[in-house]
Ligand code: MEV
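Only one chain is included here, represented as structure tokens and corresponding to the form predicted alone.
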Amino acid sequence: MSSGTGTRAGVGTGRAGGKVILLGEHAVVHGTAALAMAFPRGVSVTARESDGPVALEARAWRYRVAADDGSPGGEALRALVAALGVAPCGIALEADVRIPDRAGLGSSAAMAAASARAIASLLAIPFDDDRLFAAVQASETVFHGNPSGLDATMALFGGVVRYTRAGGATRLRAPGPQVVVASSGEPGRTGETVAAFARRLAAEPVEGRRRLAALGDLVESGTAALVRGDLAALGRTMDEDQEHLSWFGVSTSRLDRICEVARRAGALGAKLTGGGGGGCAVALVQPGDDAVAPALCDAGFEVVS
């Protein structure tokens, strides 16, 4: 099946979701775990035959790339189809996006996963999970340099998971907690913040390693709290996580402000989610809480979930 040959179906479709990292972003790149849950919004892609190079358009993002245009998006698309074993021509992809771009919610992985599924549908090729993961990861590597694999995993499989680079995803027998996600209004800069985190770790190795270990411990205690339904304890781990991420220089004043407003409005915990440097923050709330989202809106932030 890796040759990319198959009977074309005329039109193919695919969908994938985003993600919210509750604990462990950045540290997961360095070998610790992360705790993540599916984001309800995602990306749907329709694939059709074309006469040109493989191209992708997402009108809501004002985004159009082709596999031969030399842009980062074009290179990511080329990497995706190469990993699928598909020639970089003859397919036009159109995306309906319901997730903000560059917001720390896994939009690029969701786009890649939905595109891969749409191509598989168009070509009537049943790519297995490993092939799909490799394709999404190849696309993510172009954008982010050293992706952990978490975004690709969440885009393809969703759920609530504990994730490590070495062991992959462990699906938890726990429902995703109620959260409010708000945008800082600044684009996330995952590639830059991954590099900034690594520089701070190298510049202050003793303190950096202590905090890296603390981030790992917070994932374990937060995961245990989620499984036993102790939302207050989970919220405390999120607050501590945010303090460490701020030390590593990957938060911003607007992300810090979202967390402050959310906590004052009754959130159990709040932190940035994703790469940071902009993008979104996530606030953990009690089931049925209807105070945090309006407070964030009143403070001038866009609530995206």
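Small disclaimer: the values here were computed from a predicted structure and weren't measured. For every residue, the number given is its place in the sequence shown, counted from 1.
Note that the form predicted in complex with the ligand isn't included here; everything after this is about it.
Though the partner is left out of this view, P147 does reach within 4.5 Å of the ligand in the predicted bound form, counting heavy atoms only. The closest non-hydrogen atom of V29 lies within 4.5 Å of the ligand in the predicted bound form. At a distance threshold of 4.5 angstroms between non-hydrogen atoms, V142 is out of contact with the ligand in the predicted bound form. Although the partner is absent from this view, T190 contacts the ligand in the predicted bound form, with a non-hydrogen atom inside 4.5 angstroms.
Proximity to the ligand in the predicted bound form, taken as a non-hydrogen atom within 4.5 angstroms, holds for one residue of V194, A83, L156, A92, which is V194. Only one of the listed residues (G278, G269, G42, G274) places a non-hydrogen atom within 4.5 angstroms of the ligand in the predicted bound form, and that residue is G274. Shown alone, this chain has one stretch from 147-155, 83-91, 168-176, 199-207 that lies within 4.5 Å of the ligand in the predicted bound form by heavy atoms: 147-155.
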